[in-house]
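Here are two versions of the same chain, shown separately as structure tokens and labelled structure 1 and structure 2.
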Structure 1
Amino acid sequence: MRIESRAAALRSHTLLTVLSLLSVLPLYWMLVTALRAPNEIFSTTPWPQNPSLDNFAYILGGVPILRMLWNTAIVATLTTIAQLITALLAAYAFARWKNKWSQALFALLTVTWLIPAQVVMVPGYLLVTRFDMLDTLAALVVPHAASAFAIIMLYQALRAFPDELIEAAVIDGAGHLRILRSLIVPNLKPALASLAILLFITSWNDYFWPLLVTRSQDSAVIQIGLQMFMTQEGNQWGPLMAAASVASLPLLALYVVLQKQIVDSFLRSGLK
């Protein structure tokens, strides 16, 4: 028994070590390449011989990468806030008023899961041009101000909320907004925070919609900026890896701080 379980533990460690290496080595190589001196880009030493920030300096001088990061931060923050507010209001309505109409609307929400972005892209693009929003940050936020996923997640959290407490607040004469603000939001803080993390990361990493409505470097988010850079200087591996590193560092930093919460919120969205 003892030997058997020690062998099993060894097997676990081996497998997990292999999977861990496979997960981070590509990113490690990205950083190593970015930090190599330009004349050592093709070197295969496991770390840079003469670490240099030349590649980073090169991209900072060439593309408005800081501007793009700033754009991405604004878009991701505003999208997250908008999605949280619209989802909170809608989830509250679904939890409080239950009838055949609300059920039909809820079913309609789940249908959005089945509509690939590529199927509705042409009319969406036409709407953006009609509202004169092409190539603006508004075009990246406004169409994504509501998320069916966020509504469903918050509705599930709200369903677990004791009805008696809401009833008590209603008897006390509290209006709906007041109930939301001073009863529900304070008590749903963990669920809201976990959802906010998911929405922020999703928005930060979004690629397809920005690809559709962005034209210029100045209104590009970092994902599009990275692709523009690759198209222009595809085989400048050092600067390209530096740009990829800059594009991922903000989320990686967030991950270092909130690692447990981030993993938990992703897993919770998958485990019902």
Structure 2
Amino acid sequence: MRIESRAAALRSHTLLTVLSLLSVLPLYWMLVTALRAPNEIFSTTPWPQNPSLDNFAYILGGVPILRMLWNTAIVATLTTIAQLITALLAAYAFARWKNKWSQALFALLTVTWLIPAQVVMVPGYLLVTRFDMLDTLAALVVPHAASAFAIIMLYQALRAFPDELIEAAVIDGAGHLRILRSLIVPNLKPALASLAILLFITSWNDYFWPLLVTRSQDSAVIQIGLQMFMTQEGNQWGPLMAAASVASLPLLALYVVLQKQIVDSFLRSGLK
């Protein structure tokens, strides 16, 4: 039995090692391409013969990449905070006041989550234009201040929250905001942290909506900056990979620092 269990463990570890290497390979090739000279871009060697930082110098001098990173960080942070606040309030309302109308509204909310984002982009663009928010950071944050996904996630967490604790707080004279601030939020910190990580990563990687509502480089995010290296005349693969490497650094740093929480966030959301 021990030999069979060791053989099964060896097979499992071998498979996981191969899958891990396949997952890391695109990141490795991105970095290698960023370090290649223009005449080595399409080389199949595993490492450039003459590694150079010229591509990184080019993107830092020719494109406001740092400004775009700052814009992306601001948009992702504000969007995450707004979605957490609105989701917490809505989920508390759905979990606290249960009747036929609340169930119907929650079902309608679930249906909106299933609608592709591209379907509502044109109406959203018209609203942004009407409110004169086009080409501003507000146009990237305000339309995404509420998330059906976040509401559904927190609603599931609040359903498991003991009603006795809330009732005891009500008897003590606590209002709804005080209950949220002093009772629910401290006890839902793991769920809130996991959800915040998912929302931040989603906002950071958003591309189509910023492409639609931004025009100038001053309000552009990093995903739009990557697209600038792809033109009809050809793709600048070296600078593009250098910019992609810089754009990936904040998320990689976030993963290194919060590795356990990030894995937990995907487990909580049911994603694989």
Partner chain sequence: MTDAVRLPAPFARATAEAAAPVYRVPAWVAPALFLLPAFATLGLWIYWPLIEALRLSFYEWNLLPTAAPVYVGLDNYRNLLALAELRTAAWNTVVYTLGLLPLTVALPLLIALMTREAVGRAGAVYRAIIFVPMIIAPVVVAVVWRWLLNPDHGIVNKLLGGLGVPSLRFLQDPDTAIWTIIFITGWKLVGFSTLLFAAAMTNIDQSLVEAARIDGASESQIARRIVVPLVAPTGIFLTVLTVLHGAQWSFVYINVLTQGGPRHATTNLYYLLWEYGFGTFAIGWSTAAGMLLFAAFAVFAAIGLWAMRRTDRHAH
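Throughout, rigid core stands for the largest set of C-alpha atoms superposing within 1.5 Å between the two forms. Numbers given to residues start at 1 and step along the sequence of structure 1. Here the structure is a predicted model, which means the values were calculated and not measured.
- Two forms of the same chain are shown on their own. Structure 1 is the form predicted together with the partner chain.
- For L10, the displacement of the CA atom between the two structures, after superposition on the rigid core, amounts to 3.6 Å.
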